[in-house]
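Given next, in C-alpha cells, is a single chain: the form predicted alone.
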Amino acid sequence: MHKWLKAVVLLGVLTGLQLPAQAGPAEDLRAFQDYFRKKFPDIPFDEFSNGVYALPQAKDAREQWQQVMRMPPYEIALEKGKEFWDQNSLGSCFKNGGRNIAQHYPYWDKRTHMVRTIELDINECLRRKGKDPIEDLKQGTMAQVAAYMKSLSRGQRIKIDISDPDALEAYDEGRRFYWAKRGQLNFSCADCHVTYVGKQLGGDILGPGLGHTVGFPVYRAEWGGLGTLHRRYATCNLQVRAAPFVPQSRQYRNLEFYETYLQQGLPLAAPSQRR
C-alpha cells in the first residue's frame, strides 16, 4: 500500500469540518481567513502565499526550500513559456499585454456564461490567431505559458469579482466540491487543508487552504516539472480513490473559482516550488 494511503487508513475515519451553513461569499471569506489567522496567529497574512512553507511545522523544509529558491528549478520552464508567449504574440489578446491581470483569474464571463481560467484564455487566444490550441492542460507547454503569464502579475493581490448574480451558481458548486467528501477514503479538500492543516500524513505536512492557489503553476520534484492547478486537483482526487475530472472541466473551474476567491488579498506567488 502506498505510504500516503497507509497513513490515511491509520488515521481512521476523519470527521473534520462539515460544509458550513450557507451565508454568502463575503461571510465565507471572512470565516475562512479568520480560521487560519486564529489557528496560526504568528504567521503574517502575506506569508500564506508560500503554502506549506509558511507553517511552523515546516521549519526544516522551509530552510531547504529557501536554498532551492536561490536557483528556482522552474527557471528553464519559465523561459520556455516566455519564448512561446513572444513567438505567438499572446500579449495582444490580453489587456495591458497580459501584465497585472492574472490576479483577477479565474473570472465569471457573461458572454460564455462560465468561469474562465488563464489556461482557457491562452487557448482561446491561439484559436483567434488561427493556431492549434495546447492539448495537454496539466503540464508541459501550457504550464510553462500559464506560469509566464502569471509571473507578469507576481506580487499583485488576488481580487476575484463575483458580483454578477449568475456567478454565484458557479461559486456555490465550487464551494460544495471543496467541502464534500468523496472517494473510497471519504475525504474532502477541507479535511486535508482546513481541518488537519499542519498535521503529518505519509511523511508530508498538510498545507493550508489559505494560499493554496496563488502559487500555481508549481514545480514539484514528484512531477519533474511545472504542473497546473487542475493537475493537482486530479492528483488529490486519485489519492482519495475518487475518479478525477478532466482538466478545465466545469467542476474544476468552479472549484478554482471558489478556492481562489478565498485567497482574496494575498499576493500572487506564481510560479512557485512546492513539495
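Start at 1 and count along the sequence shown; that's the residue number. The structure presented is a predicted model; accordingly, all values stated were derived computationally and were not measured.
Missing here is the form predicted in complex with heme C; even so, the following discussion is about that form.
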Inset, instruction - Using a 4.5 Å heavy atom cut-off, state whether residue 40 contacts heme C in the model of the complex. - result: no
Inset, instruction - Answer for residue 233 alone: is it within 4.5 Å of heme C in the model of the complex, judged on heavy atom distances? - result: yes
Legend entry - residue 193 within 4.5 Å of heme C in the model of the complex, heavy atoms: yes
Inset, instruction - Determine whether any heavy atom of residue 188 comes within 4.5 Å of a heavy atom of heme C in the model of the complex, and answer yes or no. - result: yes
Inset, instruction - Would you mind picking out the stretch of 148-156, 68-76, 200-208, 111-119 that comes within 4.5 angstroms of heme C in the model of the complex, counting non-hydrogen atoms? - result: 200-208
Legend entry - Check all three, 29, 253 and 264, heavy atom within 4.5 Å of heme C in the model of the complex: no
Inset, instruction - Could you work out which of 177, 171, 107, 85 is the residue within 4.5 angstroms of heme C in the model of the complex, going by heavy atoms? - result: 177
Legend entry - Partner contacts in the model of the complex for 235-263 (non-hydrogen atom within 4.5 angstroms of heme C): 236, 237, 239, 240, 255, 259
